[in-house]
Ligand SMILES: NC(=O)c1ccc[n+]([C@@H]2O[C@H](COP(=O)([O-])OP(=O)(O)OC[C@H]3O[C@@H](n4cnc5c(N)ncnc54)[C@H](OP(=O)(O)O)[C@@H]3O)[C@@H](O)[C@H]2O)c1
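First comes one chain, alone, set out as structure tokens in the form predicted alone.
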Amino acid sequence: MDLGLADRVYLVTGGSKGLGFATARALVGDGARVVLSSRSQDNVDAAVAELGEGAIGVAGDNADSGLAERMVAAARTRFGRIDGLLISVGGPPPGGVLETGEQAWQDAFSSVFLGTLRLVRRVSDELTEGGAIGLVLGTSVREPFPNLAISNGLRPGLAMVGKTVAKELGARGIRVVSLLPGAVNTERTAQILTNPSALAEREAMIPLRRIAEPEEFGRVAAFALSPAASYLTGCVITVDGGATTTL
């Protein structure tokens, strides 16, 4: 199936590693161009080098109030258009509700929540009919994950933001989807599942009996952002191998 991605331009935050990079690679592999961001210039340069001429990069954290403007400017200067946005951001530090200090909550809110709002508001101004926005959240939107209190607190709210803004942008023909990855073979998962027994226990809870590879998420995200998914909006797409027990 032709996803219709040829020559379309997408901004991808957190795009140098993990789920963001996997999505950027899927987009570029199907003919799109990408402007990716990462906090580290070295990581940006490495990702762009691997993706080739279909990608450029901007260094910056999602908490940076100027990141959205820099990414928009880079896309306009290099590619002349913007067709979509994928917002991926590194997960907040692990910990329980009672043991996690207020500063950690504030830092995560600035990056994960406010950073997402800034990007959505700025980039939506640039999009025209057929544009798409994807929010990379997590299955904690549906079920809390042990020892990830901050993520459990912030991700469900962002899913509701996604539903709300999908209604606001729908009249302009712009789509908004939320993507809920489960356990994926990334640095983040390695941080959470720190020993082989924890990993084996988690895999035993997944109907497919394994965690996902980033590319498996990236292909779903690329489809959701593509013209081929033209009637998907305001929805939540779970990519977890069937692990989530709720509908």
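So that there is no doubt, residue numbering starts at 1 and follows the sequence shown. Not measured: the values here are computed from a predicted model.
The same protein also has a form predicted in complex with the named molecule, omitted here; what follows describes it.
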Response to the item:
Only one of 49-57, 25-33, 218-226, 174-182 has residues with a heavy atom within 4.5 Å of the named molecule in the predicted bound form, and that stretch is 174-182
Discussion item. I need to confirm a contact call. Of G130, P144, P94, G90, which residue comes within 4.5 Å of the named molecule in the predicted bound form, counting heavy atoms only?
Written reply: G90
Item to complete: With heavy atoms only and a cut-off of 4.5 Å, decide whether D61 touches the named molecule in the predicted bound form.
Response: yes
Discussion item. Is V136 near the named molecule? Define near as a heavy atom within 4.5 Å, in the predicted bound form.
Written reply: yes
Discussion item. My question is simply whether E201 lines the interface with the named molecule in the predicted bound form - judged by any non-hydrogen atom within 4.5 Å.
Written reply: no
Discussion item. At 4.5 Å between heavy atoms, is S40 in contact with the named molecule in the predicted bound form?
Written reply: yes
Item to complete: Would you give me the residues of 182-198 that have any heavy atom within 4.5 Å of the named molecule in the predicted bound form, in order from first to last?
Response: G182, A183, V184, T186, E187, R188, T189
